[in-house]
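Okay, so here's just one chain, in structure tokens, the form predicted alone.
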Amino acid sequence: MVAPQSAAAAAKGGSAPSPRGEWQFLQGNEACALAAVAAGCRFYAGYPISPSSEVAEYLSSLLPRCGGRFIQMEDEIAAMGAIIGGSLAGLKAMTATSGPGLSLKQENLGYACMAEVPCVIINVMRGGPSTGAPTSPAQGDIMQARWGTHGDHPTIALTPGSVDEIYRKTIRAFNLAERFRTPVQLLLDEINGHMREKVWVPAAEDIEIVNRTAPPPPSPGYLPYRLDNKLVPQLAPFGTGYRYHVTGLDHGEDGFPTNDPKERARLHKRLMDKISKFEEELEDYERVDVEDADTLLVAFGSTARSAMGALRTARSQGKRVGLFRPITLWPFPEKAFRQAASRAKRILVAEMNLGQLILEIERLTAPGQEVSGVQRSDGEPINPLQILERL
């Protein structure tokens, strides 16, 4: 592992020597909190829930030191509402939770999608459904991250695999939220949220920060959802001289509810287009030894580390095995996956659930390709031996 040259490289996963910055030995949740502050987060609202509570604990100390605000809300519903309000007031805002807490956030998360409010939601996944296994790892929230709130809505979800990557992808989550004016989810799990690893923390001047586009000066004609040939409208912070309406209802450019079918259709199409038309910019993935692979492993998050161990052993035994690891989980990097899988006869999907990502992989595979899974939901991680046995 080497030091990132800049946060632009860091956010995309590249690394190069740099004289600035420092190595730190961090827990995953701690790295997430530090990166949030580095990305410009100045408001956090949340409610304690294992295994994400350390994110809140660290931020309760970090934010007051840099002029930010931390508040513990009465529940997860209120926490999601609070960060929407904080963001509309002009602050980069974040919350962190796990399984049942994310379920409670869904209505307000849908509101943020419709009202186009940038914010970041950290989900340190644990077993479920319901209370499930509060202190054990799982990866069962990935379809909830895509389809948890009702209706058609834009979705961006990232899945880092290491503590170093948690730091970099937290920064990227904020940049994407601001760039596309939308909620962004960062999916950790109990393993990488609680493990400790060496992390390169770049100097502040090396971190590329994206801020929301400033609107024109306040005027009687200001329209909060005017496009001006852009898919992402400009957002004016509350309390800065602008007067406008925000609603979860279908709305026109003025922000007020509308029943005009054409305006409603135009709104919903734009909400989807502002993500789908930039999928190449959003895609983030890792491919290992896919060029000659007749068997392709697919895994994400901490499970991908076990898959990498299995790959190395299989390669030492002369087996042609490759790995595709999605880092941007939604929108799924379809083109990159198809390229990685183009020569594979067999695809093996490893995930800590009873079969969620495998459904997406089955949709994307070519006729004749065999798809199977290594699945586990007993609160224990998938280990390399389990994957090797299936290989």
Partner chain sequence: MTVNATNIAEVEMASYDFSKYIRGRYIPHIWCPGCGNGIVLKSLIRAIASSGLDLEKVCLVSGIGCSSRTTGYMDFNTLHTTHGRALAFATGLKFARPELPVLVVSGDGDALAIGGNHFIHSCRRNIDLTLVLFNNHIYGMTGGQFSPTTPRKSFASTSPFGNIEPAFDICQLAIGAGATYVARGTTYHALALDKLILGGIHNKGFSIIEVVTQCPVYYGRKNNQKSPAAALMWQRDHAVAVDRFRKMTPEEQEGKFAIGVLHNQPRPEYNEEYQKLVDRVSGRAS
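Residue numbers count along the first chain shown, from 1. The shown structure was predicted, so the numbers you read here are calculated from the model rather than taken from an experiment.
As for the form predicted together with the partner chain, it is not shown, yet the points below apply to it.
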property	result
Leu88, Glu107 and Thr247 all contacting the partner chain in the model of the complex, non-hydrogen atom within 4.5 Å	yes
Among 262-270, 314-322, 119-127, 79-87, the region lying within 4.5 Å of the partner chain in the model of the complex by heavy atom distance	79-87
One residue of Ser219, Thr240, Thr131, Ser276 in contact with the partner chain, assessed in the model of the complex (non-hydrogen atom, 4.5 angstroms)	Thr240
The partner chain: the contacting residue among Trp200, Tyr111, Tyr285, Trp147 in the model of the complex [heavy atom, 4.5 Å]	Tyr111
Contact of Phe332 with the partner chain in the model of the complex (heavy atom, 4.5 Å)	no
4.5 Å heavy atom contact, Pro64 and the partner chain in the model of the complex	yes
The partner chain contact at Arg69 in the model of the complex, heavy atom, 4.5 Å	yes
Contact label in the model of the complex: Met143 to the partner chain, heavy atom within 4.5 Å	no
